[in-house]
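Here's a solo chain for you in structure tokens, the form predicted alone.
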Amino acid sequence: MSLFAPTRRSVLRCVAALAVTASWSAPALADETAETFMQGILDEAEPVLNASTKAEFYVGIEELVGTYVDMRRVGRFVLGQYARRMSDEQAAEYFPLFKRYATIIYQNTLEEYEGQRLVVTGSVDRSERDIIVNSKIVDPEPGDPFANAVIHWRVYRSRDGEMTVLDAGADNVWLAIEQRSQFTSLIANNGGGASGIDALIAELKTRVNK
């Protein structure tokens, strides 16, 4: 099994943690602004998901991720408590590697939805700045394994109202939450602190073929 491949236990743990956090949040409300923001991205993604070549697909996803995903914020989130222990030199090496690695994850994940069109179906405000937007496939083909899948997008609203994407998932399994579990375990298993972060950076270099 790949070092960064999810296990059934870790996925269930992450989903449970998210559910508990959500239960402590303010009453859930829909957020039309976040829904409009996310639908705009999905409309922009439609021709990419229907690209005629793999090269066009990968380039298109990379551009979308680079434009709309807040990689700096996500990169710190997945480090958990170790983000505060990272030196400036490690940060300069880590963040570009993480951006490339996370982009590859998005490319591989969204490849499952090639040839599809996604539409927003609703949203839930977990807080004023933390919104979950749900989407689904439009007119799936008979027998499509993702016909009933709910594809989630976690949207962050800054103080000035600007929106970015922090995470994506399907049926309550989230990419960044799973990465955080794996990254922090790798760091802890390699001594924590600077040595653990160095081990993570080395692993990311391998993953992105640098």
Partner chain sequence: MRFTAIIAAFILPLGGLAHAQLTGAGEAEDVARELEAGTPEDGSADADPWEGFNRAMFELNDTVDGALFVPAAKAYRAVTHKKQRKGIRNFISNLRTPVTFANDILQGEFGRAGNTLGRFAVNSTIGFGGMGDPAERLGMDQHTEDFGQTLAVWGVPSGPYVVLPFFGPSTVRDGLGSAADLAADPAIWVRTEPARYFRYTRTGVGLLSAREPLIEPLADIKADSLDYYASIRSFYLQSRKREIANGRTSFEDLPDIGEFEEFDEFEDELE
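This one's a predicted model, so the numbers in the text were calculated from it and none came from an experiment. Numbering follows the first chain given and starts at 1.
Not on display, but discussed next: the form predicted in complex with its partner chain.
In the predicted complex, at least one heavy atom of residue 200 sits within 4.5 Å of a heavy atom of its partner chain. Shown alone here, residue 189 lies within 4.5 Å of its partner chain in the predicted complex, counting heavy atoms only.
Although the partner is absent here, residue 108 is a contact residue: one of its heavy atoms lies within 4.5 angstroms of its partner chain in the predicted complex. Mapping the unseen interface onto this chain, residue 76 counts among the residues with a heavy atom inside 4.5 Å of its partner chain in the predicted complex. Of the candidates 63, 171, 56, 44, 171 is the one whose heavy atoms come within 4.5 Å of its partner chain in the predicted complex; the others do not. Taking its partner chain as it sits in the predicted complex, the stretch 57-84 comes within 4.5 angstroms of it through a non-hydrogen atom at 72, 73, 76, 77, 80, 81, 84.
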